[in-house]
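The chain below stands alone and is given in structure tokens; this is the form predicted on its own.
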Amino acid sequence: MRKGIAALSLLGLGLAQEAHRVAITHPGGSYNQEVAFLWPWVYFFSVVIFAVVAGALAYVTWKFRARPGDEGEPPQIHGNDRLEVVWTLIPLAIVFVLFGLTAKALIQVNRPIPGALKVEVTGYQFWWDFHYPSLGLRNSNELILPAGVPVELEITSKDVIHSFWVPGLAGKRDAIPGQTTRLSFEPKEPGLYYGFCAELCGASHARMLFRVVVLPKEEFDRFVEQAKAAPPVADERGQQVFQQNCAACHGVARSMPPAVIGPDLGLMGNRTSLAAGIVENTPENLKAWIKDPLAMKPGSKMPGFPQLSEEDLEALVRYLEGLKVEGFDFKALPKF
């Protein structure tokens, strides 16, 4: 019995954490602030309408209830023109108010922001690529942004339709092959935000996650400046293993190559998660991913490397974990 209660408690805690990750009630960006402005109005009118309708129904039910001694039909009411006009005009006024507020919010969230930082977002089965053309920087599965700076995402896909969604910062935008959709917003608070693919796209659709890391402007500028330097070599043997087994699909240059096959790993050591956000970035998880990716993510195009010796695998993990900009602990950021 106690084990059952404990299991239910853990399940409830897990569901609560997941609900927090997808909650849009905390407006961490300008987009969500506009949307959050609408909610009190919708709630207010919903409560008023419910109270009026439920109250009128209760009153009519009580007022015209059958009483002892009643015989035949009660006096019939054939309508009230004035009342009918009133209950038609009031809902119409409510609709116009909500329409006006919604139109204002839609105009605001879809308006391009002058001087915004542009990021090219590309969806693949089942991971995300982020390219900063003006900064000469590239990262995969973790979008790093400055707080208080407008951002414009140019979103597309290279295979099937995906949908880019960061509930804590902005609304959804489809990633469509051959087309570019745009999403503009301004991150307000530094922190770690959870992102999802919101369009069924294959076997690992539910595992096509990502993170948005929002840093204070000064830290972001420092990170970008240091990220432009050549990645360090933490383990020479691991680098050799990488060149022999991984370099055909993955780069570590932190910039956009001529052709993209797999995620760029130049900032691997700074990532908070692995395999497009499905597990925490730890050496143990990284080894398990390298050995058998399909066990963690069905439909992944990455082959497994079970043939690697334990020594080569350890060296490869040390090399990948060393691909980072020192002095940045993204895991310590608040989680939204």
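The model shown is predicted, which means the values in this text are computed figures rather than measured ones. Sequential numbering from 1, following the sequence displayed.
Absent from the display: the form predicted together with a small molecule. The rest refers to it.
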Exactly one of 213, 109, 265, 121 comes within 4.5 Å of the small molecule in the model of the complex through a heavy atom, and that residue is 265
My question is simply whether residue 37 lines the interface with the small molecule in the model of the complex - judged by any non-hydrogen atom within 4.5 Å. no
Counting only non-hydrogen atoms and a 4.5 angstroms cut-off, does residue 300 reach the small molecule in the model of the complex? yes
At the 4.5 Å heavy atom threshold, is residue 296 in contact with the small molecule in the model of the complex? no
Contact test in the model of the complex: residue 305 vs the small molecule, heavy atoms, 4.5 Å: yes
Only one of 99 to 107, 194 to 202, 125 to 133, 175 to 183 gets a heavy atom within 4.5 Å of the small molecule in the model of the complex; which is it? 125 to 133
Are all three residues 141, 261 and 286 in contact with the small molecule in the model of the complex, where contact means a non-hydrogen atom within 4.5 Å? yes
